[in-house]
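Shown here is one chain on its own, the form predicted alone, set out as structure tokens.
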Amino acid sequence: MTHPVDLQTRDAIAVITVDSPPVNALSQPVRAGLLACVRQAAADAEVRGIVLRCAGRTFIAGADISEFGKPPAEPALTEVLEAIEQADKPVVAAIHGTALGGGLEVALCCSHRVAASDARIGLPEVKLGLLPGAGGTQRLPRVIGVPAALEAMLTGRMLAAAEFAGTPAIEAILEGDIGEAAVEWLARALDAGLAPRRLRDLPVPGAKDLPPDFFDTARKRVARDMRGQFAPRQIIACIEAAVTLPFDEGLKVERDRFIECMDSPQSAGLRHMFFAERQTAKIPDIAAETPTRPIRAVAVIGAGTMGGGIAMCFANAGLAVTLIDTGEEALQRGLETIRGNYQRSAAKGRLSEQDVTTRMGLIRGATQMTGAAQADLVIEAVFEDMALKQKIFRELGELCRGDAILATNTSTLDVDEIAAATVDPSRVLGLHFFSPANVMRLLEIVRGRDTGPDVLATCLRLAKTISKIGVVSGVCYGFIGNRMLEGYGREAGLMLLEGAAPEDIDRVIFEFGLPMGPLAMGDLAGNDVGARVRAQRRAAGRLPADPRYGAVHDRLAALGRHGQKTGKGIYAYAPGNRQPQTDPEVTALITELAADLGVARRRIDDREILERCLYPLVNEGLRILEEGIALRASDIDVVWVYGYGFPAWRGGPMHWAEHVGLEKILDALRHYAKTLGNDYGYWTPAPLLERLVADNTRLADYRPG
């Protein structure tokens, strides 16, 4: 095997090349190679200067994340960086592609940096619950200033290298092959007397001009905008140390805080999500070489909120879309909503006016189903009515080309029943977008009984094209996410009857890390929607015969308290204000309803609220996993993080459950079955949960079948 780091000397300049595809990550072989080559070049009396470059499409793009959590392998990155920084001759980092995380920290230890015009730099460690642990928090503020460095580290965003051209951060932007250009730049600079310059010796620019409360203000902002997260607070502490302490003392603060972050469950959760997201496209029975169908033109049926959002997803990716609605007024309203969404983005600087024109130009309207005849993919996005969906698919089966993929955006209905309305169910599947479809990253790809392998492979690839994370689900009511949501919402409603205040239930869930509690979410979605679904399922015999089930929300819906859209739901809403306010009328309504149903009211503490909302959710996830509806526990985590706002730093509900302890959850389910009763099976443990606990098996290791 060729070593990933090579040293060549040309005209007294040593060129060190890292070649470790795909992203030149700082694996142990790369670190060892860098250390050996730097030491060799530094000790060579014939060498006047050193260029550090990378082969392939990028500079060093970060650490080798697969090494995280394992015993450290020598040499440590800090040893490599010290060798680079202590070299007694200029070392130039030639940056192209991206220099991220440890890659940027390597560049910052070089005495000079040059970059290609399109190169980008960044310290995105916060996205893994970490902070830059190899001097990044101490060196970056010394070259781009404290406010910019703090923002870069707290957001993890990439920055254009050209933005810092002519500063100690990036001394020059070079054209052509960056490695060759860097050698030429260094040769000229050496002739002009270039000497090594260590960033550690530079003062922090503008430090004396920072407001006295700068770091306190930053901590308050993080507490508000990144609530509950550990790493951002530690990043602020490290940058404060860069301003107030000598460099070596600041490095010690950084190292101590880095270890705390690395050992935290939050970093474990975020690292779990990093790998979980990349696993979702790996389907055991779909080979990598499975052929896919070209998707160039898409038709979306239904111009409502969901249909319009779906159309935007494809237009954003440069695909032509036909938006179909049988009513001209509804169609025009949908098109105007799309235009309004784009124009609001333009007003905020996220799009140019040309972008708006281009994307709107990709969307055309039609009031006849014939508008879908030549589409490569047709997505039905009408309301949840099986008869209507079957009628549409029956028509599409006759109208569309034989190689067109037919998809339903249903969130709950049986995809196999829908597919049965067509002559060829092999080309039918579910593509369940989450609202707002043009914003939410999750796409549940529902594989029907007869869905063809090439159809599934095509839609997995398409998910990436439209910047979605596609997760494959089997067919069942609600698929992965909405099926798990049922127990979560059920217990919130029951606790209202039993004495918990709405604001307490929502507060506990909000403080846990979700964007809103179940009751506020119901008001946002519309209590009438949930009531209608329950009525349909109750009529079909698919709900427990429990008079308490959904009782509060059914009563609210009957009274016209549909939520935010009517100004009244569980909460009251002032005109033009979405901030929920406690409503005494609802308190009285719940108390009266509890008496009618014979429910004794009591005080319910925060621990019980959290357990009763989240443990049934986890329990249902285990059933879904055992049934093979989800391929992996980590797929369930991806669904809940990207579709429902479960905090990524907790790793999703299944990872979080393993952290809590499956035995503890099993004990709690048995406890609630005993104290609350289990006439309707609400607290019956999933067989998989009992088996995992009995066998002392990790959930992460379980695979269906």
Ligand code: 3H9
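All residue numbers are counted from 1 along the displayed sequence. Predicted model, so just to flag it, every value in this text is computed and none were measured.
We do not show the form predicted in complex with ligand 3H9, though everything after this point is about it.
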Which residue among L676, A43, I65, A55 has a heavy atom within 4.5 angstroms of ligand 3H9 in the model of the complex?
I65
Checked A116, A457, L77, M360 for heavy atoms within 4.5 Å of ligand 3H9 in the model of the complex; positive is L77
Candidate stretches 102-110, 200-208, 525-533, 444-452, one within 4.5 Å of ligand 3H9 in the model of the complex by heavy atom:
102-110
With the cut-off set at 4.5 Å between non-hydrogen atoms, does G681 touch ligand 3H9 in the model of the complex?
no
With the cut-off set at 4.5 Å between non-hydrogen atoms, does F275 touch ligand 3H9 in the model of the complex?
yes
Looking at the partner-bound form in the model of the complex, is R507 within 4.5 Å of ligand 3H9 by any heavy atom?
no
Spell out, yes or no, whether the shortest heavy atom distance between S634 and ligand 3H9 in the model of the complex is within 4.5 Å.
no
Since the partner is left out here, which residues of 243-264 would have a heavy atom within 4.5 Å of ligand 3H9 in the model of the complex?
R255, F258
